[in-house]
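In the block that follows, a single chain appears as structure tokens, in the form predicted alone.
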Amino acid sequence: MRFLRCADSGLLVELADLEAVQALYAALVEAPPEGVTDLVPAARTLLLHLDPQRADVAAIEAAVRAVEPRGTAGGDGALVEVPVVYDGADLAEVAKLTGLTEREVVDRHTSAVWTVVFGGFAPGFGYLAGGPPELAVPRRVESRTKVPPGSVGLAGAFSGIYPRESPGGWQLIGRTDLEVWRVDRNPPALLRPGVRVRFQEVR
């Protein structure tokens, strides 16, 4: 565990892996140290937003080091069902990479309950973990300059939904009409850390 200051309002905690981040995040969500106003998990880090008027950084570091990580965050979060048409441009490549048939890729993707473990890349983009390990695939060798909004992809151990058109290197296996990011909604992001996701095949 390593601590890095981020100006006067942030403290970044570097951890060994995603599991360690999720365990610490779960513990701090339940009992945040005095002066911590928000927590932002990522793949190997946890950012603590601080209130500069109240935060005692040394005390916060000590409190974080003393935390007993427990379980993982989001195991019982709200469940969002995502309808997906599985006709992605990389579905055949994912089948080849995994040694599965395209039908088996879809079945594996829809059979799991995924959990949003952190957000990033673009507003509303949630990184979903907890899927079958056999669906872990590398990013594309060459990224696309334009990925349509609603594209459903895989990269590493994660699945995700592109909230808007953007460049991207994930393996695209399908698409959804569900809007995961809307600025007129509160909160705008549908897929926030802790939210569970089940993909449902539609035709």
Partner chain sequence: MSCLQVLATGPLATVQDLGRPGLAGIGVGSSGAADGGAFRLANRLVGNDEGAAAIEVTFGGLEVRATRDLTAAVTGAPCPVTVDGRGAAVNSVLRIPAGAVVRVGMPDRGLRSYLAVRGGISVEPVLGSRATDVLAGLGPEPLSPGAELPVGPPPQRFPQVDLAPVAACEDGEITLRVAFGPRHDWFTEDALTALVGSSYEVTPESNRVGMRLSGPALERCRTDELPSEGMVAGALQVPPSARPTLFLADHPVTGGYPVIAVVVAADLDKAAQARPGQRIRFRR
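C-alpha atoms forming the largest set that superposes within 1.5 Å between two forms make up the rigid core. Residue numbers count along the first chain shown, from 1. Owing to the predicted nature of the structure, the values given are computational and were not obtained by experimental measurement.
Below, we refer to the form predicted together with the partner chain, which is not included among the displayed structures.
Give me the residue from A42, L28, V147, I60 that has a heavy atom within 4.5 Å of the partner chain in the predicted bound form. Selected option: A42.
Listed range touching the partner chain, judged in the predicted bound form by heavy atoms within 4.5 Å, from 60 to 68, 171 to 179, 46 to 54, 149 to 157: One stretch meets the cut-off, namely 46 to 54.
P83, heavy atom within 4.5 angstroms of the partner chain in the predicted bound form: Residue-level check for P83: no, no contact with the partner chain.
4.5 angstroms heavy atom contact with the partner chain in the predicted bound form for A23: No, A23 stays farther than 4.5 Å from the partner chain in the predicted bound form.
Using a 4.5 angstroms cut-off on non-hydrogen atoms, would R203 count as touching the partner chain in the predicted bound form? Residue-level check for R203: no, no contact with the partner chain.
When the contact criterion is heavy atoms within 4.5 Å, does P123 count as touching the partner chain in the predicted bound form? Within the cut-off, so yes.
For the stretch 3 to 23, which residues lie within 4.5 Å of the partner chain in the predicted bound form by non-hydrogen atom distance? Stretch hits, in order: L4, R5, C6, A7, D8, S9, G10, L12, E14.
By the 2 angstroms cut-off, has the C-alpha of L47 moved between this form and the one not shown once the rigid core is superposed? The answer is yes, as the C-alpha of L47 shifts between this form and the one not shown by 2 Å or more after core alignment.
Using a superposition on the rigid core, decide whether the Cα position of L191 changes by 2 angstroms or more between this form and the one not shown. Stays below the 2 Å threshold, so no.
So, does A136 move by 2 Å or more at the CA between this form and the one not shown, with the core held fixed? It does not reach a 2 Å shift.
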